[in-house]
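A single chain comes next, written as structure tokens; it is the form predicted alone.
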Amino acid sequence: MSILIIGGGVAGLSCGCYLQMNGYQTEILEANTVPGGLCVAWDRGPYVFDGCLRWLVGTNPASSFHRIWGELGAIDGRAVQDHDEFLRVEGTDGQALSLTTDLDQLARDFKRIAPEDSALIDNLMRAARRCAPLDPPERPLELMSGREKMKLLVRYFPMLLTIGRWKNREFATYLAAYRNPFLRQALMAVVGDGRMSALVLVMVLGWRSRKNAGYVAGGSRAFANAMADRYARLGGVLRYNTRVASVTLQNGRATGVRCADGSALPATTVVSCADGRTTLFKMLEGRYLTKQLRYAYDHYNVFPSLFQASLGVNRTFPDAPWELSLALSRPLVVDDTTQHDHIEVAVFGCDSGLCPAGKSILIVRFTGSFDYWAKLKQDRPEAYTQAKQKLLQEVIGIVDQRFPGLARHLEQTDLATPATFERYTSNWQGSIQGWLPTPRILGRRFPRALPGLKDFFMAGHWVEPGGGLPTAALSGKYVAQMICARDKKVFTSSSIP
């Protein structure tokens, strides 16, 4: 039985690995020349600029995600860095706050700068402790018996009330209850978007407190390559430079794909781990859209489009924090609708596996308008290039003020825009993680199989909201389990011996 998987990102690699473990013959069709999809890095001289991995849920061996990474070979043999200080927040007036993984210490530090918010701080820490052990179900709810669902309910019962309370709050509304503006700035730096569910803040603090969100040396490239190697060792075939244009259909079944070069590839089952909108509206020509799916793509929020400025520096910054939220003395103007009063800076030394000894990489991320930059690139490519260079120079000037001497030691620079991410991955609106986990979307189930279409499945961020590498990998595993259930096979999995 041959299965074609569209997309060699983390969801596609995960689905392929698990299907190979269960005796299926699969082939992954990847449009680019390397595996990983959005889990990507690129070379600039001696530097590897990482476009994805900052921290990874599942680095604690007690976590169920750690077991998944072991089965996929994603982090085996690589050092994991767990920083006690996972974020430093700096204001324009010299005020600074270190966010640590120790929730008791974190509460004391929060109360030191914001005693007026003590009750809110205590409530936040209680919620983080209660939800810290939360792990996803071992298999999708669609496959669970009533008895299995009851056992899951019992397992989650101690945290259900907390989850319900926090999930249904919009983060911006929750944040408005804090009276201290600097603490509000710090908490926003943890979450990043006020439209998200407040449960995101609780879960991030909980994961951090369990040492379950470390950085894996080698970053995205080593992570994706390790999964691709695992897939190959299991007997899977990964075909690069193969862009899928459409899914071939016959009598309500998926029978293969047609590629952009006109070639047709037959299959007994097709799994799309590509961009959701591209899959539904282009590859399937909108034929299997439900009212709910059409409404989602018309109205739901997605992760905002991202810029990444990458700086390769011929010096080290031994006193620099791992992650820094830096308030700006004047706004950074990104485009006609976007400006920022702070930026996020990540600092990587040679222990990251991304640069040689004596050098550093600084990664600056911020959001912007996809429509503005995509239209500028398409209609006025020279102006687009000039605007990129101007914005990059402004970012360099800002970072040089915080890290004096940086500009003099710059060796390599790069700026990826929302148009860059869209060109590389075809992700709708350049969104790097699919649906934004708002109160409306977080926990929502999107169909992995479409009504009226047999032998076709979808996996990835567009069917498993939440964002992040773990969500993508879990989604691929769930689809593999569904295919096994369809074929009345007992699903099995194993770690690398």
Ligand SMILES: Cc1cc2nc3c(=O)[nH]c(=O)nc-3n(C[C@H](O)[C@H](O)[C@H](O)COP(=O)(O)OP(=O)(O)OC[C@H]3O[C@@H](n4cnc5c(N)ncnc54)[C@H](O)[C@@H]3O)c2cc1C
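In case it trips you up, residue 1 is the first one in the sequence shown, and so on. Quick caveat: nothing in here was measured; it's all calculated off a predicted structure.
The same protein also exists as the form predicted in complex with this ligand; that form is not shown, yet it is the one meant from here on.
Residue contact with this ligand in the predicted bound form: Pro465 places no heavy atom within 4.5 Å of it. Taking the partner from elsewhere, Arg67 is found to have every heavy atom lying beyond 4.5 Å of this ligand in the predicted bound form. Looking at Gln433, you'd find a heavy atom of it within 4.5 angstroms of this ligand in the predicted bound form. In the predicted bound form, this ligand lies farther than 4.5 Å from every heavy atom of Ala186. The chain is drawn here without this ligand; in the predicted bound form, the stretch among 128 to 136, 172 to 180, 420 to 428, 191 to 199 whose residues come within 4.5 Å of it by any heavy atom is 420 to 428. Between the options Leu442, Leu53, Met458, Val48, the residue in contact with this ligand in the predicted bound form by a heavy atom within 4.5 angstroms is Leu53.
Proximity to this ligand in the predicted bound form, defined as a heavy atom within 4.5 Å, singles out one entry of Leu72, Val270, Leu311, Ala274, which is Ala274.
Interface residues of 28 to 60, taken as those with a heavy atom within 4.5 Å of this ligand in the predicted bound form (partner not displayed): Leu29, Glu30, Ala31, Asn32, Gly36, Gly37, Leu38, Cys39, Gly51, Cys52, Leu53, Arg54, Trp55, in sequence order.
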